[in-house]
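The chain below stands alone and is given in structure tokens; this is the form predicted alone.
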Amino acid sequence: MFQKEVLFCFFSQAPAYHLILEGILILWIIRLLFSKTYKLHETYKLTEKEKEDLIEEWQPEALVPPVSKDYPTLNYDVVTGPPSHKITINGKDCINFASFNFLGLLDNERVKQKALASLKKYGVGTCGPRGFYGTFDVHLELESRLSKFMKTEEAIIYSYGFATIASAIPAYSKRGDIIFVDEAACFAIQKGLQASRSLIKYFKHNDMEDLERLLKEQELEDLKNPRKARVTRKFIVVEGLYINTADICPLPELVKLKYKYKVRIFLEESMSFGVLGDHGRGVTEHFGVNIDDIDLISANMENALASIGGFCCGRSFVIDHQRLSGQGYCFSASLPPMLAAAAIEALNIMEEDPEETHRLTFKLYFGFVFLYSVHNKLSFGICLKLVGVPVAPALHLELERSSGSRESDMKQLRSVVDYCMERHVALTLARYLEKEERFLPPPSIRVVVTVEQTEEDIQKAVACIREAASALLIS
């Protein structure tokens, strides 16, 4: 009786709109409980002929976008014989200004004999990664020799040059970490950044003020969340000598910023190893920077050493981590022993004759002066400009004024390359994956200077470029 009175008081005192709303909700719940949740639609069965017609009409989406058969990278210039001082391209003998054979070791007899002896002893390949019976004694010897040459505690070698820095970056930097990287960084660095899944902050090329601005902004962010800052690793990734711009990173200034803002420096030296410094140790020796100030140095062995693969060097605890986490090291078949033996002999030659690096430096200055004359003497009315610094072994010739179409610019530069090849001078266009590059460099002709080229060779190349520019680029 008491409960009924309570309910009566509740309903009599409740607002009318409240009772109406509750009534509607109760009716809606009852409807949902007793109604079907869906209605079965009548299915229409296709006849066999209708099925065949539909299958015949269906067109799958293209796996890749259509590409013209005359696309430049689909039409190869075929090399026969060693790409040393003289190179045979499409059956034509030329002076080689295209290959990265900086120290002329590619066709060196001593190097070839060591590689041949190793081939007879070990066979062609290794058929296994380093952790699965792919570690040979020559690998350990090469790592030891590289670490001693670079004056670091330890070195690690990879079987593919591109994979070296692309594997090293994600071995240390993970999701949540921060990488400050130069806009002109090469494609191998870009792939390493992508694999790391870290937060990437680009600074303007060789602009230390812009880099410090980013570092200061990050410092302020860290103050807001010190707990997160303590577990966030920060890196600066640069090239010693940039392949896309042919200039040198300001390493002394980078080291100052490293200690000021407590970041780590990764230095990619594929273009500067064997080229810069009194003994070819790269940009650290060039600037007189203590190599211990750099957390990790990487370089490939495909340029100065004229072999295959790459290496990283630094402190032992840093390098050992790559043996567990470097994807290119852990999952790729190891470097063929004959190429490791060739690299060791190339190092022997570099150590025995450091003057070879000095001779290269002289050739680089000589070549730069003559190539610069192309721009200086022909700048009035001719659309070529030289990009790079005098110590860079691979310089760029770009159009002074772009036509506005990348394809058109490439065709103009290709005509210069073809003109020179007809006159027995081998140049090459700089190639990029245009849709993949983060900051796509402008079209250019790459001109490579090596120790093997004589002054007469360089003069001939410059004269040929001048003729081509006069004939093809002047309206």
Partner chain sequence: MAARVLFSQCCFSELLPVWLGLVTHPVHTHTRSSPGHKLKGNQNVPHNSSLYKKPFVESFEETPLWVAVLTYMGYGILTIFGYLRDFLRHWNIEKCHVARERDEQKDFVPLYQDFENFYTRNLYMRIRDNWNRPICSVPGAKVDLVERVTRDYNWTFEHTGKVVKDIINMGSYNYLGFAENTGACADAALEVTKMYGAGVGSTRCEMGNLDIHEEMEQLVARFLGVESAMAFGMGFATNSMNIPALMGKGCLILSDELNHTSLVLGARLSGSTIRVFKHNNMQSLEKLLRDAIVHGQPRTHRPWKKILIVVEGIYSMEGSIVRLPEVIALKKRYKAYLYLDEAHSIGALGPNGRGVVDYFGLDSKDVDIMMGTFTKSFGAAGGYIGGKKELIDYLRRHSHSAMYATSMSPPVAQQIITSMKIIMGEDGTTLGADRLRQLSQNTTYFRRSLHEMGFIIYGNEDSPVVPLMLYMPAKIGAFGREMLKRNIGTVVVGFPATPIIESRARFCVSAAHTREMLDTVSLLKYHQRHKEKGTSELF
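Residue numbers count along the first chain shown, from 1. Bear in mind the structure is a predicted one, so any value in this text is a computation, not a measurement.
Missing here is the form predicted in complex with its partner chain; even so, the following discussion is about that form.
Residues of just one listed stretch (387-395, 273-281, 158-166, 204-212) have heavy atoms within 4.5 Å of its partner chain in the predicted bound form: 158-166. For the three marked residues, Thr126, Gly131 and Arg264, a heavy atom of each sits within 4.5 Å of its partner chain in the predicted bound form. Of the residues given (Gln218, Ser99, Thr245, Thr152), Ser99 alone sits with a heavy atom within 4.5 Å of its partner chain in the predicted bound form. Though its partner chain is absent from this view, in the predicted bound form it lies within 4.5 Å of a heavy atom of just one residue from Ile349, Ala195, Val289, Leu199, which is Ala195.
The shortest heavy atom separation between Ser403 and its partner chain in the predicted bound form exceeds 4.5 Å. Put simply, Ala342 is close to its partner chain in the predicted bound form: some heavy atom of it is within 4.5 Å. Using a 4.5 angstroms limit between non-hydrogen atoms, Leu106 touches its partner chain in the predicted bound form. Interface membership of Ser332, defined by any non-hydrogen atom within 4.5 Å of its partner chain in the predicted bound form, is confirmed.
Annotation for 433-455: interface residues with its partner chain in the predicted bound form are Leu433, Glu436, Glu437, Arg446 [heavy atom within 4.5 Å].
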